[in-house]
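Read on for two forms of one protein chain; each stands alone as structure tokens, with the labels structure 1 and structure 2.
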Structure 1
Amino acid sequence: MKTKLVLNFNPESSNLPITHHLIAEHGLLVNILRAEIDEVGGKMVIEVSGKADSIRKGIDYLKDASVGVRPIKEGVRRDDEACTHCGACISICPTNALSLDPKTRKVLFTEEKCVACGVCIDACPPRAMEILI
């Protein structure tokens, strides 16, 4: 089983070795898609793979450690009406899910390539990108 999670850290939980614990104690594979954490808190987007029961226990551990956990069920969505095709998202997308059509000069979004890291959301001036949870 595989699931994507958005983790929110407060000052107390920001220094915990959570990925180590998820791997060593729960036998999960953890792929960090995006992380911005410092001593005052932050956010991390991860993809976790393993047995369903291990994932559930890992999520319980995170909640007990005061880490906010939100599953990402749908990924990222682009509001085509709000998108101005400025291209600000293209160069920062780590998976090339966003690209420029050379003929139309419009931004293309290939959802199958998207890992829901959220980088495009921060970069989008008209706020046309959003994580669906």
Structure 2
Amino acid sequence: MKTKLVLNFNPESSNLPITHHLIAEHGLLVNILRAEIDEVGGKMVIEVSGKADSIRKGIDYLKDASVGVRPIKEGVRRDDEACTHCGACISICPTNALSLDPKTRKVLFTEEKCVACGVCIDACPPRAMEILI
């Protein structure tokens, strides 16, 4: 099973070795999609994969460590009919979920890479990107 989580850290929890713990103690694979953390806390978007039970235990651990946990159920969708492949979104997407195919010059949307940050929503001139959370 695979799931994406948005983690919110306060100053206390921001120094915890949480990814190490999730990997070592719960046997999860952790992919950090986005991280903005400093001494005063911050935000991180991770993708964890592993057994459903282990993921649940991992989430419990995070909550105990007073890390805010919010699963991303559905992220962002693109209306392919509305997209003009203009490329306005590709330089602002922090995870390269939106990228230009060098051959066809079409803009590809790789949903697995999207962390639903929402940055592209108001940058898309025909309003093809829609956020669902």
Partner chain sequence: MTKPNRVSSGKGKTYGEIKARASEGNAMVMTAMEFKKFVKANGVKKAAKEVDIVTTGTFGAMCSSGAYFNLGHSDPPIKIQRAWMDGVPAYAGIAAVDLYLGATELDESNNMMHGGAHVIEDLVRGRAVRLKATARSTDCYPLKEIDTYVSLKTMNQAVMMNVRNCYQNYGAASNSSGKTLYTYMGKLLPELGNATYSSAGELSPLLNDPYYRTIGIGTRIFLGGGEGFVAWEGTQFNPGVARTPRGVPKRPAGSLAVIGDLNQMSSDFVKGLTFTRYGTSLGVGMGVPIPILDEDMASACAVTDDKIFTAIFDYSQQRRSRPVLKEVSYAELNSGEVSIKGKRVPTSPLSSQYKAMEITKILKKRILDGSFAVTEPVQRLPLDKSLKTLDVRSEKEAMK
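Take the two forms, superpose them, and find the largest set of C-alpha atoms that agree within 1.5 Å; that set is the rigid core. None of these values were measured; they are calculated from a predicted model. For residue numbers, the reference is structure 1: its sequence is counted from 1.
- Of the two forms shown, the form predicted in complex with the partner chain is structure 2.
- With the core held fixed, Pro17 shows a CA shift below 2 Å between structures 1 and 2.
- With the core held fixed, the Cα of Val107 is displaced between structures 1 and 2 by 2 Å or more.
- When the core is overlaid, the C-alpha of Ala116 ends up 3.4 Å from its other position between structures 1 and 2.
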